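Take a look at this one chain, the form predicted on its own, written out in structure tokens.
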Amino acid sequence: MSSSSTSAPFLPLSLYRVLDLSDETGALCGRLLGDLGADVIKVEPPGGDLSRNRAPFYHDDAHAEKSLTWWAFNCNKRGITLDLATADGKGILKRLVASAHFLIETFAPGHMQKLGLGFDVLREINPGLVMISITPFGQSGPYSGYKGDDIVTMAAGGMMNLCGTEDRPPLRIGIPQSHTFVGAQAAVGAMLAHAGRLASGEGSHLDVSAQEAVANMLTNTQQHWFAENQVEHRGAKHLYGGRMTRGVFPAKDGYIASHIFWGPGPGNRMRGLAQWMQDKGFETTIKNTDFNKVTGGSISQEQVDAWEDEMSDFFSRFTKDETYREALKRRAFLFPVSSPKDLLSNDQLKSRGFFEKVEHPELKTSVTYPGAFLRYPGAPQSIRLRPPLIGEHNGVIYVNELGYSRDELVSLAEAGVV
């Protein structure tokens, strides 16, 4: 349990149960529902989910119980093991479904049906069940049978075209980003289906595509194409008003995010920076330009590059903290680019108690985690449960909740069912 909370506040999903059969592509969906208070039961195959083997590991000890990635996405869950390919395993899952409200699965399209556990079967057991099926390309269409890990769905969804530098092929983001996109969007879908269930009493089957989740995150990239027939570039610069502009500039101790603006209205954002440069005695053409009167068509790319060179030279004379504090006073448009170390010491996150110390009794220590994703009025959220060990709650759920005897549980384990 989290050391920051000893009580059990009422949370929006406190009355509901989730069966999380997913691999790493759906783990965030279960984590978010758990953060909202749901009783999330992580169902893993005997021996544990393969995503437990993803680095990095706690203290670099490559162990299935010490994957930091697995920890991050599996807080606020209880854990059991179950082999769904066995007859007993299928029977046990059906018993669990009878009292569940959500089921998350990431098997290939048709796999649950082959097991005799398709939505048509499960809804007969529990008509109110919301089943969330997450796959690389969805349950239908010519790509539906294709396998796809993060690099595949990031490429197929269009995100990789934006990642990397102009002089090299596209890159994927280091952390499996498509998994977070699809997990978050699946959780949103689950809440929409839940709202429908509250109104009608009927459950539903959600078809969530990782490719579509990635494509949905491209936002203004799609607008550039549809509105201007322009393809957004990867690299240090991107399109703004018909010209290529930078978004990141070096500081003494890292980087800051800033931008050059022009046109009626947005041009006002340059005034604070121009005055700051002037007060510091920095020679620049920016202070002599009325950016409200500038348009992309009235200036050359060379002029934009020259202004950005001036900004880069100026920002490089200060630390990230110095630029941030001065920008606040002058209403200049910039913000420090935070490293992981910066986030841990960030005053805003510290003041809200975002990072939490979570006890790991098996390690005889506590570990700092990023906390819940929102604050719910009247019920401060926290990490109520540390990520479960492999099969940690088999006894509690199979014996105490489903009514199996201890001898029966031992027999199921010996048979490889749990």
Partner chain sequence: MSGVKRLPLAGVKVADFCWAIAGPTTTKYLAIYGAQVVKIETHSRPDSTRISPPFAGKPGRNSSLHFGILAPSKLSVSLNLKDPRAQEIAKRLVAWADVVTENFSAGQMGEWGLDYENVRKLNPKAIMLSSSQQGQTGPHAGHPGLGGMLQALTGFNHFTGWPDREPLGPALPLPDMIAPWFSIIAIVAALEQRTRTGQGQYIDLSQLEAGLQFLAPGILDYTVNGRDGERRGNHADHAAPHNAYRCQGDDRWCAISVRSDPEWQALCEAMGRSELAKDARFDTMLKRMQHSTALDAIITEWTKQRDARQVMEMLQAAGVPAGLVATGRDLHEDPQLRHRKHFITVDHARMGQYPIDAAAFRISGIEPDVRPAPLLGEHNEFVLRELLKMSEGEYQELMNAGVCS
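Positions refer to the first chain, counted from 1. Everything numeric in this text was worked out from a predicted model, so none of it was measured.
If you look for the form predicted together with the partner chain, you will not find it shown, but the lines that follow are about it.
- This chain is displayed alone, yet in the model of the complex one of 322, 313, 202, 305 has a heavy atom within 4.5 Å of the partner chain; that residue is 202.
- Among 173, 97, 244, 286, the residue placing a heavy atom within 4.5 Å of the partner chain in the model of the complex is 173.
- Taking the partner from elsewhere, residue 79 is found to have every heavy atom lying beyond 4.5 Å of the partner chain in the model of the complex.
- Within 4.5 Å of some heavy atom of the partner chain in the model of the complex lies at least one heavy atom of residue 198.
- The closest non-hydrogen atom of residue 298 lies beyond 4.5 Å of the partner chain in the model of the complex.
- At the 4.5 Å threshold, heavy atoms of residue 261 reach the partner chain in the model of the complex.
- Checking 289-297, 163-171, 110-118, 274-282 against the partner chain in the model of the complex, the stretch whose residues place heavy atoms within 4.5 Å of it is 163-171.
- Residues of 84-99 are not found to place any heavy atom within 4.5 Å of the partner chain in the model of the complex.
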